[in-house]
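Coming up is one lone chain in structure tokens, specifically the form predicted alone.
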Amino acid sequence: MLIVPEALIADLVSAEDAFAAVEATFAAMARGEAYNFPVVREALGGDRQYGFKSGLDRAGGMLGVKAGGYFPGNLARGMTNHQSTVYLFDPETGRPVAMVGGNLLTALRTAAASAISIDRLARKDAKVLGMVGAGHQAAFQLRAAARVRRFEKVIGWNYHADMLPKLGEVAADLGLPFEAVTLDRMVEADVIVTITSSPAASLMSAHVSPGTHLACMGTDTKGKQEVEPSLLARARLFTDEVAQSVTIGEAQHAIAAGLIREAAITPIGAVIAGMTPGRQSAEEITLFDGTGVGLQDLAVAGAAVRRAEARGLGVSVTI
């Protein structure tokens, strides 16, 4: 088994690598060549979350699981709040193949998913990017979004406004002007990325203009919520996996309110694979409910392992 520690990941997997790997696995899911197993998620108290996401990709020859969660006290300990590790197995024999540090990979694969949705669903002439949320993951989201559209400006809102200057620095690095705004100013955005851990909706339907694409990336647990349910009823809906969207994703609230039906949600992989159309008009609101699936983690971890093997990196152990 090859151990690829967290310290090596930045030199092994780029944002472009993550985009390609996640896009391929979404398409494989739509074709029925890959599937996720049910998510296990447990509350540990003190806002700590721990769980497992796993799956099998027959097309890519990947079987594995990501174990980890959210530990909000970690920053005070000099660590990131999100901690995870990906374990890969031979799908034919069950033999352990690799153990891979999953912290940066999680950020990369999450940003890749939203960027894929923007690439496939946002208007080609999108100029203003709206960011709702300014935590650690927001920087990855902003950089990934800027790779797939030529934005001219970034506007941002965060519950804790003092965190917005850091997001402004990321925008400046990309050569984009940044403005901190109130939520009602999100009507100016052509693309909106929500990346919060909120238990209650922040972005309301009235904050979103016709023709906007939304990538809602923060809701991945029962009870979390980033946007008003009525917004989903206005939009054409896409997701990474429908089963997760309706149970732990943003759609859980609109389903519970009777505003939408499960059949209204389309896997983004079906658009990638050419099985269904993406955006159909300039006025259409499109919304991607990014819940985060185990197969994303396996895809980026597999990319890390292949590159580590090619470069002779990592630690090989016998189990």
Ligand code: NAD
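Note that residue numbering follows the sequence shown and begins at 1. A quick note: this is a predicted structure, and the numbers were derived from the prediction, not measured.
Beyond the structure shown, there is the form predicted in complex with this ligand, which is absent from this document and is the topic of what follows.
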Taking 106, 160 and 217 as the candidate spot, are all three within 4.5 angstroms of this ligand in the predicted complex by heavy atoms? yes
Based on heavy atom distances of 4.5 Å or less, which listed stretch (76 to 84, 229 to 237, 206 to 214, 116 to 124) is in contact with this ligand in the predicted complex? 76 to 84
Examine residue 136 and determine whether its closest non-hydrogen atom to this ligand in the predicted complex is within 4.5 angstroms. yes
If we define contact as a non-hydrogen atom of the residue within 4.5 angstroms of the partner, is residue 199 a contact of this ligand in the predicted complex? yes
Give a yes/no on whether residue 291 approaches this ligand to within 4.5 Å in the predicted complex, heavy atoms considered. yes
Is residue 110 close enough to touch this ligand in the predicted complex, meaning at least one heavy atom pair within 4.5 Å? yes
Pick from 195, 191, 145, 186: which residue has any heavy atom within 4.5 angstroms of this ligand in the predicted complex? 195
